[in-house]
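Quick setup: one chain, the form predicted on its own, written in structure tokens, and binding and motion questions come after.
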């Protein structure tokens, strides 16, 4: 072997070892965080928030296997989540009846249920790609919801199916009835599922899924069947979505048709896109953020879904790479020690951004309260002040804040953009030396 080839092989081997070490450190840190998190958030609300974050992370990562890794936009991904949850719930009821199985292993039933449903659904849908694939998945989702309503013997109708996670055989002295005990079960499955999904991205199937996403014709030319690759990826995605559904069943101890419907499918799309499609960290970031919005912001206002929609629109317009894309674009600048060049420009934008945000919040809350008043409800308070959304002049204040802040942002944004471009170019020049 020639000297350059030997050097290249050694370089690749060294990079592989460094990459493996980084991944091991990341998952080691995740385990440490999972162990100490319940001590930092010991309240009932904190544990509930952590449990739902764990479920959302697995659900979002499973969706990213389709959209981010395989380029398949699935409008019915909640079908595998919900049906996996129902499979887990029925097994939980049998465990309550005396079946000797540890409750901690029941998400496996969800995984098998999700994969079982994904086989026929994927066989039909993955024969097509792009818009046709998305429309087929939407039709499958509507069909699944209709079947759930039509078979109340299995799915419980509108009341759903419930169980008792503390009714099974204890494991190491735990009956998993308390939120602090079920947390460790959910954290375990979240870490295992995340590690396995990361592993899938490094396999030949994961690489081929990326290739099919980018150029299916070239993959076909190389002798691989793009439809078969999409099909296998679809089944794996359903498998992991079923794990998330099983985790949901254990956490809530009840499953209804809402866990299969379009709202759940829309929520996972929101998580993945806001966090960043195509990256492994993006869905995790999006799942944590959206769950925090749902639970924390949901305690402050009933219009939290409106804010989630506004964030989604803002990401589509100004940050299509999601939050992870923003982080990646700034990482070289920060590594080059050029963050200070951007700080002044970003701080100059902060007052205008806060004014604009205050105007948006005011308009959103007034709009929501207007609907409540028209429905016979009470307008309530905003920022501690009584509001009357039917009074026209009260709309003028948030509207003026929004227009003033937006005008100021539009004036200051070019300077911040120029500062970022200059710092990015300088960082790229340093790397090229």
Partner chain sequence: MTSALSLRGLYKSFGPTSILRDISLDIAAGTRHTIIGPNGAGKSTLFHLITGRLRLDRGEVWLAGENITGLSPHAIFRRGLARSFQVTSLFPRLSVFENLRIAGMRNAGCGHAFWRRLDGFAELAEQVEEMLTLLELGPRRDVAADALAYAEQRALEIGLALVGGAHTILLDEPTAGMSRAETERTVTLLRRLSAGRTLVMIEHDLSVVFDLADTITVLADGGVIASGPPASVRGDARVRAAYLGAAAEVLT
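Numbering follows the first chain given and starts at 1. Since we're looking at a predicted model, the values are computed, not measured.
Form predicted in complex with the partner chain: not shown, discussed below.
The shortest heavy atom separation between residue 181 and the partner chain in the model of the complex exceeds 4.5 Å.
Although the partner is absent here, residue 115 is not a contact residue: none of its heavy atoms lies within 4.5 angstroms of the partner chain in the model of the complex. The partner chain in the model of the complex comes within 4.5 Å of no heavy atom belonging to residue 260. Shown alone here, residue 165 lies farther than 4.5 Å from the partner chain in the model of the complex, counting heavy atoms only. Proximity to the partner chain in the model of the complex, defined as a heavy atom within 4.5 Å, singles out one entry of 108, 211, 345, 161, which is 211. Contact with the partner chain in the model of the complex, defined as a heavy atom within 4.5 Å, holds for exactly one of 296, 205, 354, 326, namely 205. Judged by heavy atoms within 4.5 Å of the partner chain in the model of the complex, the contact stretch among the candidates 346 to 354, 215 to 223, 242 to 250, 185 to 193 is 215 to 223. Shown here without the partner chain, the chain has 223, 224, 225, 228, 229, 232, 236 in 223 to 251 lying with a heavy atom within 4.5 Å of that partner in the model of the complex.
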